[in-house]
Every structure is written in structure tokens, then in C-alpha cells.
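Single chain ahead, by itself, as C-alpha cells, in the form predicted on its own.
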């Protein structure tokens, strides 16, 4: 009789399970790359954390943050994730994109210098940050885009040291091959792309972003945040709330289930060996688990953009207008 009742109970729950599954709202999120800046997001999708809040999230990898935001502006997808610099750039063009919350706190991109270049430098060049920056003068350094969160910290730091870097724009997956071919002399990328460039023997870690080697005044509040159009946010406040809840759940998941989260991270990046995954988790989990984005963060981003001269007129923007319900 007990088994019969259990079977009957399971059968009675099937319609509810089907309805719950059918009630999931399909949402597409375009991201600027598959770097470890999105490690937390990849953990969340593999652990189905957004499904707990009624969202069936599909993540699409684009070539850059500009491409991701353009997809949102075209109406082909609902959300994008890129650096706040890209949001400032499109707002200066009069396009109404708003930041919903943070995805990666701080700077996830490191500068990798070609080993052939580093080997020719005197040992003193790598002894100080100033020496490292001065050695970049005139070099062709790849970065995802002019407004990437990776670009302006290095640009402004170099210019403060009297150095001018010759930036070359390309997608992160293409950078390691370009470095090996000698088409560029360095690159700015997040792991695993920065790691690949080093493990291949073509490059050396020159300046680390995640460990905060650059001056604090040059460091962004975020390397990646969640964005959508003002029109979509106004029309779908329930989905905005569910997306925010998903990132809040990720924050708790990283704290409470680190071993399981690390397993999900390893599955998302099978090309990265276990020690590197473990190191990445230790370094980046705190940055993935801080979804709050503030007006002060936007002010910091605007100040960096103004100082670097990348985005003219950014100082005239109202920081609060870039955030949804700041």
C-alpha cells in the first residue's frame, strides 16, 4: 500500500512539474567573450540557478562587448553583458541602454607580452610597474575593443607614465595565434585566453589585472555587467527581477557550495587544467559573487574614461541614468 500511495503521489505531481517546466521564460544573454570573467555566469547556467527563478537562460558568445550590446539594441536578444565602458559609449550616441547589475567585479584582463620582446628587455624593465609600462611604448598590443573594460586601465596607466601603446582590436580567441605569428607584440585578455598565450610559450605575464598591479585610480569597478535596453526593462520588470534573483542565488551558491561550483567551472572550461581552475576559482569567485552595481561605480568608470580620453563628453552623463533603479 505504501508503494502504491507513493506512486499515486508521484503521478499526481507530474502535471505540476510539466507546468513548472513549461512556465520557464526563455531569455537570451549575449556576452562579450567566453573568458573567465564569465566563469560565474557559466557556473550559474550549468547549475541551473536561473531556472530556480523561472528563467531558461541561453548564453551566446559574441566577438566583443560592442557586438553584444548591438544585439540588444537590434531587439534580437533581451540582455547583453559587457564592460560599463561600452554602456557609456552607446549612451553618448543617444542609445538607451541601462546596467542591471554586476557580473565581474574589478579587472579580469591581464597584459601578456610577447616572449621575444620580453627576452630583449633589461631585467630592470620588469622590476617595477613603471618599468613594465615604459617597455610597452609603441608596441602593438591587442585588446577586444576601444571601449572594452580591459583597454582603458592599461591605456590610462601607460599615458600617465608617458607611454603610448599602439592598440590593435581583435576578439580574444584570436589573440594567442596572432601573438605566436608575430602579428602583435602583446595582448590584453582574460583567462583562459591569457593563460593559453603563456602556456604556448609565445608570451609572458607582464601585468596582472586580477591581482591589482595597476594603480587603483585606473582600475574599473567592473569588467562585465548585465545590461538591457530601457524599453525592454520598462516592459518586463518581472524578468528583470528574476534575472537579478538568479545572480543573487549565484552569490550564495559560490559561498555555500564551493566544491560543486568548482566542478561546474571545470566542466565549462574543459581546456583548462585542474590547478588553473582551482586558482581561478580562488581568485575570481569573490568577483563573480558581487552583483551589486552602484552610482559610485559608474562615477569611477566615467572618471577613468575621461582621464584616458577614450570617450569624449562622458563627464556630462548623469551616472544614475545609466543604472536601472539605482
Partner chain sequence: MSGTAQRETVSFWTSLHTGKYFDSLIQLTIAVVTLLLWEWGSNALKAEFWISRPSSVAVELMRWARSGDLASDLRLTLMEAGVGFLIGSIAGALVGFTLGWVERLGKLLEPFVLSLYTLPKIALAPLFVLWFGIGPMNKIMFSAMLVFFMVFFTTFQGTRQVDRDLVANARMLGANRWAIWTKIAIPYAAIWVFTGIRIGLPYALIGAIVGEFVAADAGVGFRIKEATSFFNTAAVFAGLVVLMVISMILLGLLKLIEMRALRWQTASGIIEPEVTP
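Quantities reported herein were computed from a predicted structural model and do not represent experimental measurements. Residue numbers count along the first chain shown, from 1.
One more form of this protein exists, namely the form predicted together with the partner chain; it is left out here, but the text below deals with it.
Residues of just one listed stretch (188-196, 168-176, 106-114, 221-229) have heavy atoms within 4.5 Å of the partner chain in the predicted complex: 168-176.
Although the partner is absent from this view, residue 298 stays clear of the partner chain in the predicted complex, with no non-hydrogen atom inside 4.5 angstroms.
Although the partner is absent here, residue 276 is not a contact residue: none of its heavy atoms lies within 4.5 angstroms of the partner chain in the predicted complex. Heavy atoms of residue 70 reach within 4.5 Å of the partner chain in the predicted complex, making it an interface residue. Using a 4.5 angstroms limit between non-hydrogen atoms, residue 93 touches the partner chain in the predicted complex. For the marked spot (57, 101 and 323), a heavy atom within 4.5 Å of the partner chain in the predicted complex is absent from each of the three residues. Of the listed positions (205, 146, 129, 245), a single one reaches within 4.5 angstroms of the partner chain by any non-hydrogen atom in the predicted complex, namely 146. Out of the listed residues 239, 89, 158, 214, 89 is the one that sits within 4.5 Å of the partner chain in the predicted complex by at least one heavy atom. Residues of 173-197 placing a heavy atom within 4.5 Å of the partner chain in the predicted complex, in sequence order: 177, 178, 181, 183, 184.
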